[in-house]
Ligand SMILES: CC(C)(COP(=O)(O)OP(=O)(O)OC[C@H]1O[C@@H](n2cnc3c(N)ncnc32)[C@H](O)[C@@H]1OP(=O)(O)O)[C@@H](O)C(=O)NCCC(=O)NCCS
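What follows is one chain in structure tokens, specifically the form predicted on its own.
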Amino acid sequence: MKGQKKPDERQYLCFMMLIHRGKFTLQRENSTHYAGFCILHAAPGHLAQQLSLLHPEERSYYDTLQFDKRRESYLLGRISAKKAIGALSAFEDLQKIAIEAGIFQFPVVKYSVTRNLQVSITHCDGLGIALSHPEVHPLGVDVERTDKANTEAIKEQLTANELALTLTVPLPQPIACTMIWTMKEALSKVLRTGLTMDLKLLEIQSLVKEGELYTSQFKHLIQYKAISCQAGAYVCSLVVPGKTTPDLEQFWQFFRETVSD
């Protein structure tokens, strides 16, 4: 109708589905690599609008899922992973890419027509985050929502030294405990074992505030480090090789914007 105010498209998209994607550099002493990312937040029921992105093998599996929550988590992972691949490789025919589960449930990219890429996937509530990266340069990501009921369960899985570290940073202990948990889970994704191993092998040795972020070294797997960000009720951690310097400014900006919308 003439003269009627046009709806705010961004607000509408935020309610239905908000997608941020991009790429960042992974700088090493003698080489530079690149990673893609996607941060997706969808209102319940609206992920099904993206079913066309599924590979026929993925769609066949999706159709066997009986529960809405499992369908939603599957789509969060697959859609965010494919859009992360598209962000890195500029390849838009994402239906031709299939992502299947390995024997320990880690994602494996098949039929990539660009180059040898792999992905790390995490999701929580209606939030899905994925990283795409060259196989020569591993990455891991995990996101969790801080929940008091889960904090006690997390504490039982942390070592005495890790619990002591939660008291050394300017964070409420539930958030600090959740942060350490995401760091350990992101590392397990790099190792492609999931949490099937002795969690003591994933122990955090340090937890340091650096500006608005937190960084950690690992006690046993000293070749890796973790970088974490807390925004609202959510904590997200990335694990990268220790000698890699990632440019994550845009990634963390989009993460904060997504969980605050």
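Being a predicted model, the structure only gives us computed values, none of them experimental. Just count from 1 along the sequence shown to find any residue number.
We do not show the form predicted in complex with the ligand, though everything after this point is about it.
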Quick one: in the predicted complex, does every one of Lys23, Asn30 and Ser89 get a heavy atom within 4.5 Å of the ligand? no
Partner-facing stretch of 206 to 214, 45 to 53, 189 to 197, 222 to 230, counted where any non-hydrogen atom is within 4.5 angstroms of the ligand in the predicted complex: 189 to 197
Look up in the predicted complex whether His137 has a non-hydrogen atom within 4.5 angstroms of the ligand, and give yes or no. no
So, Arg70 and the ligand: in the predicted complex, are they within 4.5 Å at any heavy atom pair? yes
Is the gap between Glu162 and the ligand in the predicted complex 4.5 Å or less for some heavy atom pair? no
Taking heavy atoms and a 4.5 Å cut-off, does Pro174 contact the ligand in the predicted complex? no
Counting only heavy atoms, which residues in 83 to 111 are within 4.5 Å of the ligand in the predicted complex? Phe104, Gln105, Phe106, Pro107
